[in-house]
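Coming up is one lone chain in structure tokens, specifically the form predicted alone.
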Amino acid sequence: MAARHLIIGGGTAGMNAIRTIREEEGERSEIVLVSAERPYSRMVLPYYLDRSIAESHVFTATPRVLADWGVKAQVGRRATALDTKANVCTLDDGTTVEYDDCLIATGSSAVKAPVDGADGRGVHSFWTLDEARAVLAEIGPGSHVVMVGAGFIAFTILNSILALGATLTIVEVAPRILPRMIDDAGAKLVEDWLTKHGVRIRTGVKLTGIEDAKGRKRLRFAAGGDILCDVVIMATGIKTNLEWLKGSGVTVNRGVVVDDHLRSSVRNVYAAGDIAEGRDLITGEPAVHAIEPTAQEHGRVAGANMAGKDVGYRGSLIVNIVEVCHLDVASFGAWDDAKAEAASGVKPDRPAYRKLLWRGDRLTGAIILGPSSDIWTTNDVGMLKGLVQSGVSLARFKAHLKRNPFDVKPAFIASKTTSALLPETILGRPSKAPGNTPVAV
């Protein structure tokens, strides 16, 4: 009898798991997908917002593709309970799905700041396609947009808002922008750059309420003047979609606790993506990495193991890369490790900044920013990520790199980092798509 796989969640992790099961299995299995939304890529929503792509290009798998993959799709349905003893999942319409193994990949949801008026008209999150549609309907040339939150999610849509001809004000409760991505020195350079490009920034402010004001929105703060605007976007964080697992017997900490094969505490239940708490590649500690590259890798490892392979996973690397007004900003690994040796360099006129963090002779974290037009910025982003990811010994180059953090290329080439990384595909082989179907990203 064919194996019955249940995939709960149609995001990056779920779609990569489906694709990998079809690539790796010896005998055709049954796959049921339960997804609250049609499968689409959250990472392309900023391009949909600025009208660079049509809505049809947001989707990663059409009904035709899912049918070609032999997937029974329950789109528009949510899982509400998992009975891991009976191997049955209950959906929100009361129907049940039996499985031999299942993958939990239910991702995250946006969280609005807990202030009066946060649920009112003209106040949006930007996380789902529906939310993106609502934002797009309200922003036009001359609109004044206030972004509440200055983290990675906010910065992914900054360019799109400006491209629509809107003016932008960013307010952040932390003392600086990008508090979970770069350090004080880097944040200061980015803030100056954005100010130069017409973006207004207020940090260290506490939002206390949002009111209607003659068709506009008024934001009130604990200190400082009010702000009047047309549209408010809340980019104040995300929470993992885990509540429905209560009583399932699956061990949950910050996420579903998984081993190096992405199995949960229940052997035939896997977890991947934002909701999985797995090994951090640099620290070795359990961590939740709610980022696209981790979801992609998790999906492929879980899918291979569900197909009967034996694939271990070294752990995920925290990676944040964003471009704002043609300035590249990136951080990798343990970029905020207070106990690491650190060396930094700055060229404020460009502006450009590097910070390298060390444990022994290994580069364990890095921050980099510089103009997108500078080829050395683009190259160095990739090289620094490679050095952190590979963990190669840089003993011969450490003194030089500490003196010259902008001179990364010789160490990258001489340490043979490329040859260390090239054979290291997640499944131990090149990636491929089944038949002529598009690759799900």
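Each residue number is its position in the shown sequence, starting from 1. What you see is a predicted model, and the numbers here were worked out from it, not measured in a lab.
Separately, the form predicted in complex with a small molecule exists; it is not shown, and the next lines address it.
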In the model of the complex, segment of 329 to 337, 174 to 182, 138 to 146, 153 to 161 with a heavy atom within 4.5 Å of the small molecule = 153 to 161
Students should find that, of Met43, Val32, Val65, Ile53, the residue having a non-hydrogen atom no more than 4.5 angstroms from the small molecule in the model of the complex is Met43
Quick one: does Ile8 come within 4.5 Å of the small molecule in the model of the complex, counting heavy atoms only?
-> yes
Does at least one non-hydrogen atom of Ala17 fall within 4.5 angstroms of the small molecule in the model of the complex?
-> no
Partner contact for Thr84 in the model of the complex: the small molecule, 4.5 angstroms, heavy atom | no
Check whether Pro293 has any heavy atom within 4.5 Å of a heavy atom of the small molecule in the model of the complex, and answer yes or no.
-> yes
Thinking of Ala13, Ala79 and Ile321 as one candidate spot, does the small molecule come within 4.5 Å of a heavy atom in every one of them in the model of the complex?
-> yes
